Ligand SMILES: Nc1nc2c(ncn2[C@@H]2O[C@H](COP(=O)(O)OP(=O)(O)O)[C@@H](O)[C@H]2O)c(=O)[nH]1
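In the block that follows, a single chain appears as C-alpha cells, in the form predicted on its own.
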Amino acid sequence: MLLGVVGAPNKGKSTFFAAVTMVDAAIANYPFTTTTASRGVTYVRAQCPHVELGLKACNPKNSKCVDGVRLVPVGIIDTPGLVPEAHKGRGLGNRFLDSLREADVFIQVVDGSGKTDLHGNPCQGCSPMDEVAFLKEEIAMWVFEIMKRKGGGRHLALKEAALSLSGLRISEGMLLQAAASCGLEVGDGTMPDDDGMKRIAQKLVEMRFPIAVAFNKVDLPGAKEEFEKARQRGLENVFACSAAIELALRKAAEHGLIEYAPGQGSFKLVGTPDEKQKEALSQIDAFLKAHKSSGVQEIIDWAVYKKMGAIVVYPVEDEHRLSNHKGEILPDAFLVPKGTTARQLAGMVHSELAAKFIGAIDVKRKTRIGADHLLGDGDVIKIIAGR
C-alpha cells in the first residue's frame, strides 16, 4: 500500500511529507522545491489489542505502541509539483505524472490560505477549491493522452486501451465499468471518440485514484473561512490541517522538549526550551486547543482506512501468550486489504506458511477458522501449518 502526496507547487507538500515521515525534504517558499519523488514511511493509528485483552504491555517489532495506540507503517511518496498542462510536459509534468503510477490513494495538499496560485506563485484571494478541480482534470487528461497515443490517430480498440493503461493498474473491467457509468457503449470492443474517451478518463480517475484533500496552512489568516466554504459543498474528503505545526511538534518531541504522539490534541512539556522555543510552543498550544489537533494524522488515517479499505491484523505463534517463539507479545501488526483471508495472511507472514496451511485460530474469540475466513480489523490470528 502506498500513499502519494500530490498538488501544485508551493502548497506545503514537502512540509506535509517531512512531518509524517520525519525525513528531511527540501522545504522553501518558492515553486519546484521538490524536483524528484521522495519515498518514506508514515504510520496509521490502531487500537493495540494488548489493551483490550488486559495485557500490561506489548513488544512491537514492525510498528510502535504509544499509550495503547499501535502505529502501523505504510509507504508514502512525495511527488514534484503539478502545474496546468503538465500532461503536455509543462513544468515537471512528465516526472510528476510518472511518479503517480504506484500510489493507491492521493493526499492532495492545497494552500488553504489562498495565497498561491496554480503555478505556486504568490497571489491574493486564489480559491483552494480550484486546485482540487484542477488536479482531477490534469490527471484525467494524462490518462486520456496515454490512450490517445496508443491509438496513433486511428480508432482505438478496447483491449488496446486497456493495455495502454495497464501500467496504471487500470484493467479492461475498469474501462468497461467507467464507460457504463458514463452511458457509453463499448460492447463492440471499440472505444468512443475523443470526447467519450475524456469522459471515461475522468471516471477512471475517480475509480483508480481516490483523493483525500489536505486543506493546508489552516493556521494562516483567511484559511479557516476558505475551509468552511469547502465543507459547505458537502465534500467528505476535505480535512483542515497545518503541516507546519505537525512538523514543529514532531521535531520538538524528537529533541526531547515535549512528549507528543501523532494525532494528539496536546503535548506535555518535558524539556527546557529557550525563550524563542517557549513562544513557539505557546502558539502551537493555542492552535491545538482551538483545532483539537494539527489535522495531519487524521488525513493519513482516513486515506488508509476509508479509501484504501485497510484493516490491521496481528499474527502470533503462541495463541495463549499472544507471542512469537521468542516470547515477544503481539510483535507484528500487518496492514492488509479488507477481505483478506486467513490463508492470504499466512502467505504475507511467510510463503511457506501459505503452502503448508492447515487452519488458523481467532485468538480473541477462541475459535478455529478456515483458509477462506475473512479477517476483521484488530484480529489476533494464530496460523496452523503442517511440516
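Note that the coordinates shown come from a computational prediction; the quantities given were computed from them, not determined experimentally. We number the residues from 1 along the sequence you see.
Beyond what is shown, the protein has a form predicted in complex with the named molecule; the following relates to that form.
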message: 60, 63 and 322 - do all three of these have some heavy atom no more than 4.5 Å from the named molecule in the predicted complex?
response: no
query: Okay, which stretch from 309 to 317, 168 to 176, 219 to 227, 194 to 202 lines the named molecule in the predicted complex, with non-hydrogen atoms inside 4.5 Å?
result: 219 to 227
- request: With the named molecule left out of view, choose which of 83, 72, 161, 244 has a non-hydrogen atom within 4.5 angstroms of it in the predicted complex.
  value: 244
Contact flag, residue 3 vs the named molecule in the predicted complex, heavy atom cut 4.5 Å: no
message: in the predicted complex, does residue 21 come within 4.5 Å of the named molecule, counting heavy atoms only?
response: no
